[in-house]
Ligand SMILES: N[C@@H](CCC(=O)N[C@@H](CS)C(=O)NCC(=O)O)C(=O)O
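The chain below stands alone and is given in structure tokens; this is the form predicted on its own.
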Amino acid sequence: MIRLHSTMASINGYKVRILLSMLELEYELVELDMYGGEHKREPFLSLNPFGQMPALEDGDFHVADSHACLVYLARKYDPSSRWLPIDAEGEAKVAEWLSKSANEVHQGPWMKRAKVRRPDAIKLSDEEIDARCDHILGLMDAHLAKRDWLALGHPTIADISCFGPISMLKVSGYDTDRWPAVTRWLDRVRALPRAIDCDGNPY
């Protein structure tokens, strides 16, 4: 049985839950008390010494970090290699956008949501975070104006990873409707078979 250690509110955990749903994989969500610091002490630290969610167990194997979880699930449970291609060019393009997700998307859209949930922990001003959102979404909008998906001609784990935090921007006070190509891309991800919202409900 696959076990995902996270919270329902974790955007990084949400990314992994989306792929688990799309691959129709049964799993157990092991909810952590984030505000109580459960992810900063044992036994969770045995899964991820960095104390960051999520972590995934699959039998005797465990891996931490949302992108590592996405890579593992796609490679092991998607025999078509559609979510994570095996050719050098395709895999590189997916990795390129996973890197953008871990950097620019994390520093803007992810931070926007994090500040709503834990304003005491995020010291950046709203103006700085919004400027970072403007920067990455502007680049993505230009990119997506010419294509349907971020990395390839079909959805990959790059789309899932970036979708997680960007899909939460509206409820965090940032209007993504300003970016029409990004808005259409968000709608395309939501329309994928077995796509779920952050509460685990089908779109």
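These numbers come from a predicted model, not from an experiment. Each residue number is its position in the shown sequence, starting from 1.
What comes next is about the form predicted together with the named molecule, which is not displayed.
Proximity of Lys40, Pro54 and Trp110 to the named molecule in the predicted bound form is complete: all three residues have a non-hydrogen atom within 4.5 angstroms. Residue-level contacts in the predicted bound form: of Leu47, Met34, Leu29, Leu152, one residue has a heavy atom within 4.5 Å of the named molecule, and it is Met34. With the partner omitted here, the residue from Lys93, His106, Arg132, Lys115 that has a non-hydrogen atom within 4.5 angstroms of the named molecule in the predicted bound form is His106. Proximity of Asp65 to the named molecule in the predicted bound form: non-hydrogen atoms within 4.5 Å are present. In the predicted bound form, the named molecule lies farther than 4.5 Å from every heavy atom of Val182.
In the predicted bound form, the named molecule sits beyond 4.5 Å of every heavy atom of Leu186. A residue is said to contact a partner when one of its heavy atoms sits within 4.5 Å of a partner heavy atom; Ile11 meets this definition for the named molecule in the predicted bound form.
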